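Take a look at this one chain, the form predicted alone, written out in structure tokens.
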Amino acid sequence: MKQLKAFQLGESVPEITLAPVARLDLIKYAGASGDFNPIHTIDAEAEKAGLPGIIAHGMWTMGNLAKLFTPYLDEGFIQDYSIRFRGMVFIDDVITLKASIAEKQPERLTFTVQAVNQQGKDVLKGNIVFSL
């Protein structure tokens, strides 16, 4: 596996495509995070809130995005992580996680990161600073 410090500007780490979002994923995440807002787990509550259905926790998507850097943890750590949520994630959505180098310094790399649904729409976009 190529080390992060060998990557060049614009180069991307290997993408990760998640399994389709399942209700059980969101129930487990609610338990782990303590976010029991019912719009994430109960259809009727999501509809009452004006949503077309259950939506994934934004932090569930954000947490999954960090998986892109798991193979590189022996080289450093995520120093800063800033994102904007751009769209909702629904049950059965297939999310692809992406990151490419936007800035390279000797001790840190800044990545543009995004999570994209099966229609190619950004659901999350931001930056990660990885400290080497």
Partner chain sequence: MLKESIGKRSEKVKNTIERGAVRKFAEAISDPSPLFLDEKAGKESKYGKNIAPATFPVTFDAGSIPDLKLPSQGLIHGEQIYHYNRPLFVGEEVYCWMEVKDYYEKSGNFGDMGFLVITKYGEDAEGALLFTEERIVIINEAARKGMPV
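In this text the structure is predicted, and so the values were computed from the model without any measurement. Positions refer to the first chain, counted from 1.
Just so you know, the form predicted together with its partner chain exists too; it's not on screen, but the next bit is about it.
Using a 4.5 angstroms limit between non-hydrogen atoms, Gln79 touches its partner chain in the model of the complex. In the model of the complex, its partner chain sits within 4.5 Å of a heavy atom belonging to Phe85.
Looking at Ser33, you'd find a heavy atom of it within 4.5 angstroms of its partner chain in the model of the complex. Within 4.5 Å of some heavy atom of its partner chain in the model of the complex lies at least one heavy atom of Met62.
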